[in-house]
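Have a look below at one chain only, the form predicted on its own, in structure tokens format.
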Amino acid sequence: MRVKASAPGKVILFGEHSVVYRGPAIVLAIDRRVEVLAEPRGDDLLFIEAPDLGVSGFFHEGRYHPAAGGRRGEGVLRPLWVAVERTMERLGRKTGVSLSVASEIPIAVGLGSSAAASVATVAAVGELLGGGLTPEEISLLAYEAERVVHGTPSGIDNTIATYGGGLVYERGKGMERLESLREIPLVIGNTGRSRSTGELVGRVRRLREKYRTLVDPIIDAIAHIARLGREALLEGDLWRMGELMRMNHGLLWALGVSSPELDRLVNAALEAGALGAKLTGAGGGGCMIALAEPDRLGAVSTAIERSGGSSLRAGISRSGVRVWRVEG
């Protein structure tokens, strides 16, 4: 038997960085996905290949043995080894498995590719072993793999990849799933520059330690924008969302987490008729998002590409992780 599973990526619509201290983050699953094919093996090895990234290799007793791409593949593939190990421990099974990973989501740019891969891996291996894992179990097991990538992640990425749709996350209050979302026409612009979430969170923390009386009002303003953004999102008020996105980006710029590349793409999108645009995720590179009416999406995409970015259109993925058996 062979099993496939897929899970969506994500964008943060509002609340980056302020969510570390107070206030909500508004997160949407996007209709760009990671797909994992799982097959049983006749030995006790775990073989993982990611052709899109040019890496593959075996894990045996926790040690990585590259087949393609050299040692750099270990950093990409080890979280998936953790996902498989935790899934087998949960199900009380131990066997060899081969995984093949295909992604529509660029890596290391804040779109949740690692969490989507981990969620899809847990779901595929769980089905392969006949485990009948619940969505909650899939999300929790994928979280263990996310800890390899991010240390102490919030749990947003694995949750949104498991359930899809939208959610609100606030420290100390947990997560609220958003129901009955209307379609949100987005263009994602990728600077092509990778960045470290931990470094950028640390940059804001140091700035706050130095200028707390200045930085705290910015954090409070971003948190308030996120609350208003939640209301606008649920009402489907694109104009209001656009205004809030523009303000949100300006405040993130003031915190020092934007970059010339991000600002260039944001400005290009606005000049092309986007209702709003802002960085998404930690900043410092990675991606921005632009909200536009349907008849302006093409112009916004073209403007982003002419300004040095790559673009992709995305809508909300209302479905989270999906699993199915493959014949042959």
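If you're wondering where the values come from, they're calculated on a predicted model, not measured in any experiment. Throughout, we count residues from 1 along the sequence that is shown.
In what follows, reference is made to the form predicted together with another copy of the chain, a form of this protein that is not presented.
Proximity of 32, 67 and 102 to another copy of the chain in the predicted complex is absent: no residue of the three has a non-hydrogen atom within 4.5 angstroms. Although the partner is absent here, residue 147 sits far enough away that none of its heavy atoms falls within 4.5 Å of another copy of the chain in the predicted complex. Remark: residue 263 counts among the residues lining another copy of the chain in the predicted complex, judged by a heavy atom distance of 4.5 Å or less. Contact check for residue 85: every heavy atom lies farther than 4.5 Å from another copy of the chain in the predicted complex. Taking non-hydrogen atoms only, residue 250 approaches another copy of the chain to within 4.5 angstroms in the predicted complex.
Checked against another copy of the chain in the predicted complex, the residues 140, 234, 221, 91 give one hit for a heavy atom within 4.5 Å, which is 221. Only one of the listed residues (109, 128, 225, 156) places a non-hydrogen atom within 4.5 angstroms of another copy of the chain in the predicted complex, and that residue is 225. Residues with any non-hydrogen atom within 4.5 angstroms of another copy of the chain in the predicted complex fall in just one of 181-189, 112-120, 91-99, 225-233: 225-233. With contact defined as any non-hydrogen atom lying within 4.5 angstroms of another copy of the chain in the predicted complex, the contacting residues in 199-213 are 207, 210, 211, 213, given in sequence order.
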